[in-house]
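So this first bit is one chain, no partners, the form predicted on its own, shown in structure tokens.
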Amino acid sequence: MNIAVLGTGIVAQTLASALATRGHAVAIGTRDPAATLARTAKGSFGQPGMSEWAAAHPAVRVATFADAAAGAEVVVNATSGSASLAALTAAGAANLDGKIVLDISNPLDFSKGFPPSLSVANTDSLGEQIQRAFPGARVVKTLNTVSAHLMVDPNQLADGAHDMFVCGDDPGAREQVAGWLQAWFGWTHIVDLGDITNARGTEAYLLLWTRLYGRLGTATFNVHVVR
């Protein structure tokens, strides 16, 4: 499958690498590919600079947002929440129409330090904003409730009974994404929350997630819904 991963941070790098390893044709989308490929500084989480990362992953193409999205069957929004709408606008509405857009971003606001607040909450969500801005896209919010390394390998946790959530206005898209999460990454416990307004809940969970991260000193954790 041809997949565009928009973004160049640790989440985008992790997703792009995992998808390419699984045999997909992957393009990373960025505003300026030449500048991105020249970047040698390590990322905020200690990940390799894009110059080093791209050299180690020659199968992953680095392209403009629009070029990556145009050739993709699926688009993954792995940009920061504050940059998501601009990145998707640069990708082009016509390049998103009819396609499933996996939104794995969170509207985290670190302007006052850690732990962050949310730039949008309660009566709206970033997922909803994206769906309103690109009505032709089939937006599905998912994978935003765990760290990057668990997104692609949930079995790193000793107890495999933990949950991933999906929500979006298109039931068929939600079902398809749930199947991809299982086939691509091994997620076996998936909770379908319903329409895209449920992104308000999964994004708000990051207020608890960041505090757990600060308390536990590790990002290797997740939640399980016990019924």
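The first residue of the sequence shown is number 1, and the count goes up from there. Small disclaimer: the values here were computed from a predicted structure and weren't measured. Whichever C-alpha set is largest while still superposing within 1.5 Å between the two forms counts as the rigid core.
Here the subject shifts to the form predicted together with another copy of the chain, a form of this protein not shown in this document.
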Which of 114-122, 72-80, 91-99, 130-138 sits within 4.5 Å of another copy of the chain in the predicted bound form, heavy atom basis: 114-122
Output flag, Ala161, Leu216 and Asn222 jointly within 4.5 Å of another copy of the chain in the predicted bound form, heavy atom basis: yes
Contact flag, Leu193 vs another copy of the chain in the predicted bound form, heavy atom cut 4.5 Å: yes
Partner contact for Thr36 in the predicted bound form: another copy of the chain, 4.5 angstroms, heavy atom: no
Partner proximity in the predicted bound form: Ala204 to another copy of the chain, non-hydrogen atom cutoff 4.5 Å: yes
Contact of Thr197 with another copy of the chain in the predicted bound form (heavy atom, 4.5 Å): yes
Rigid-core frame, C-alpha of Asp32, shift of 2 angstroms or more between this form and the one not shown: no
Large Cα shift (2 Å or above) at Gly160 between this form and the one not shown, core-fitted: yes
